[in-house]
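Given next, in structure tokens, is a single chain: the form predicted on its own.
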């Protein structure tokens, strides 16, 4: 199911990107398949940003978002050759959640670190389940759209790279 002209100009469209429309590597994270889909991604990203912002500051947080957006979309080009279209910010939201967790890790006590580690395991199980085809249906995706679990995995990888590049402590 497809919605409107503007989202189609911004979405991840494999053929359009390979034909030179590289802005889609950034803009595909701005368009979604439904309002619920957008709200879930936005709420997750906003919560994670509120945790990471005091440690990273606006400049480094914005830099992380600007640099990882094309990494995630570019990764989809390489790792998901059957993925023709993609819309959503869940990969970015996962990157921000992992980034937020890493900012908390250094100042956390043993109980908080245990909770963060369990959240990491839960995220790994979620991504694994999505890779096997299990989804919750919370995001209200159209019937012909499947969860791009690779975007979530790339979000984790992008967070690790961001932590290294930005020297997050």
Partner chain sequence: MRFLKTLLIIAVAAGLSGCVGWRSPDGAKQTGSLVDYLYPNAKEAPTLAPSVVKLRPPVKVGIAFVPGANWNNGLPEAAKMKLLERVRDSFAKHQYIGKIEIIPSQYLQAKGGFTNLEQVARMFDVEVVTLLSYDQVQFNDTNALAVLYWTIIGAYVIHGDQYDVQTMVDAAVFDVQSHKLLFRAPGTSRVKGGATWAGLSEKQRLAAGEGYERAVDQLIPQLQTELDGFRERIKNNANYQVENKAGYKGGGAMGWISLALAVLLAGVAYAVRRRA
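Positions refer to the first chain, counted from 1. All values reported here derive from a predicted model rather than from experimental measurement.
This next part talks about the form predicted in complex with the partner chain, which is not shown.
Inset, instruction - Verify the contact flag for residue 147: yes if a non-hydrogen atom of it lies within 4.5 Å of a non-hydrogen atom of the partner chain in the predicted complex, no if not. - result: Yes, residue 147 lies within 4.5 Å of the partner chain in the predicted complex.
Inset, instruction - Report yes if any heavy atom of residue 107 sits within 4.5 Å of a heavy atom of the partner chain in the predicted complex; otherwise report no. - result: Because a heavy atom of residue 107 falls inside 4.5 Å of the partner chain in the predicted complex, the answer is yes.
Inset, instruction - Examine residue 67 and determine whether its closest non-hydrogen atom to the partner chain in the predicted complex is within 4.5 angstroms. - result: So residue 67 does not count as contacting the partner chain.
Legend entry - Partner contact for residue 63 in the predicted complex: the partner chain, 4.5 angstroms, heavy atom: It does not: once the partner chain is placed as it appears in the predicted complex, residue 63 has no heavy atom within 4.5 Å of it.
Legend entry - Residues within stretch 48 to 74 having a non-hydrogen atom within 4.5 Å of the partner chain in the predicted complex: Residues within 4.5 Å: 50, 51, 54, 55.
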